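Quick heads-up: it's one chain on its own, the form predicted on its own, in structure tokens.
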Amino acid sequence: MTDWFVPSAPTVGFTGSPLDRADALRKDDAAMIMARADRTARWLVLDDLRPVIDDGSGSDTLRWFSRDDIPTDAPSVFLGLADGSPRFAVAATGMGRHGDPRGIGAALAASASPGDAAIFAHARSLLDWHARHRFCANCGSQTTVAKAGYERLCSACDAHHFPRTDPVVIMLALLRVDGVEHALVGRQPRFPRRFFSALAGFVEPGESLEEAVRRELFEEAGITTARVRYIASQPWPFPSSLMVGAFAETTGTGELTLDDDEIEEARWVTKADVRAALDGAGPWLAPPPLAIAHTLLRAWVTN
């Protein structure tokens, strides 16, 4: 089938944050008070989980505010250190221009500072988790922020709650026909017209990543697979998933039986087909560079 070797780690959107997450500081209340008072500390503002953008740069770049600019009652979390300077994220409104989070994420990832997209993903996932977990899942009482934003505590039952990330497998099934290798792409009913991507699904309790890849491919496309090869992973802050990218070797003929609720159309494509789609010259549209599906397709055609 293939040697399954990817010569170097692929570039993936929303990764490469330049911040030191400084876990030790999160546990030290006195250190966090000093960090917030540091004159070099800066805050990234998210308005309804949309980052406020710097109007003066001429492009979509993150805008960092000083402490005096931030509402005193706005919820904030510690992101880490940038060359020793504290960085925080805060949920606030009316602080400036913002736009579509996915569009801004794509612009940041394609900019001269792609690590800013990772900072945005970090901030968005964390603030979204806090907004969704104000009450204890154990007893229903109100919870409070702890560990600089990386924990919530219930004062009633003393339960500790931590930010969660949902694992999702996203994969290309590979099939060789008459000596030519093919990959499986599909489109969900909600996708834009002509848009095809890798198949994906959430990991279920009690299964490994490899088992999740095989199960999802069988459930969505009716194909069986054997070897699974990890390629790369990606944080996806909508709201907070970890996309785990893989290749999977098809064991059968490649005949498809689609789950119509999940997959509206699927097709086997060649490397030439994928190259054309990635160049915007094919009959179908490939995922944008921000998405790990794009990374998987790019890694496959260059392997």
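Please read these numbers as outputs of a predicted model, since none were measured by experiment. Start at 1 and count along the sequence shown; that's the residue number.
Although it is not shown, the form predicted in complex with a further copy of the same chain is what the next lines describe.
Name the stretch, out of 183-191, 116-124, 67-75, 82-90, where some heavy atom lies within 4.5 Å of a further copy of the same chain in the model of the complex. Single hit among the candidates: 116-124.
Give me the residue from A107, V203, M95, A146 that has a heavy atom within 4.5 Å of a further copy of the same chain in the model of the complex. Here the answer is residue option V203.
Are all three residues G179, I231 and A299 in contact with a further copy of the same chain in the model of the complex, where contact means a non-hydrogen atom within 4.5 Å? All three within 4.5 Å in the model of the complex.
Even though a further copy of the same chain is not shown here, does D158 get within 4.5 Å of it in the model of the complex, heavy atoms only? Heavy-atom contact with a further copy of the same chain at 4.5 Å: absent for D158.
In the model of the complex, does E265 have a heavy atom within 4.5 Å of a further copy of the same chain? Judged by the heavy-atom cut-off of 4.5 Å, E265 is well away from a further copy of the same chain in the model of the complex.
Check D60 for me: does it contact a further copy of the same chain in the model of the complex (non-hydrogen atoms, 4.5 angstroms)? No, no contact at 4.5 Å.
If we define contact as a non-hydrogen atom of the residue within 4.5 angstroms of the partner, is E207 a contact of a further copy of the same chain in the model of the complex? Yes - in the model of the complex, heavy atoms of E207 and a further copy of the same chain come within 4.5 Å of each other.
Residues of stretch 211-228 in contact with a further copy of the same chain in the model of the complex (4.5 Å, non-hydrogen atom): The stretch touches the partner through E211, R215, E219, R227, V228.
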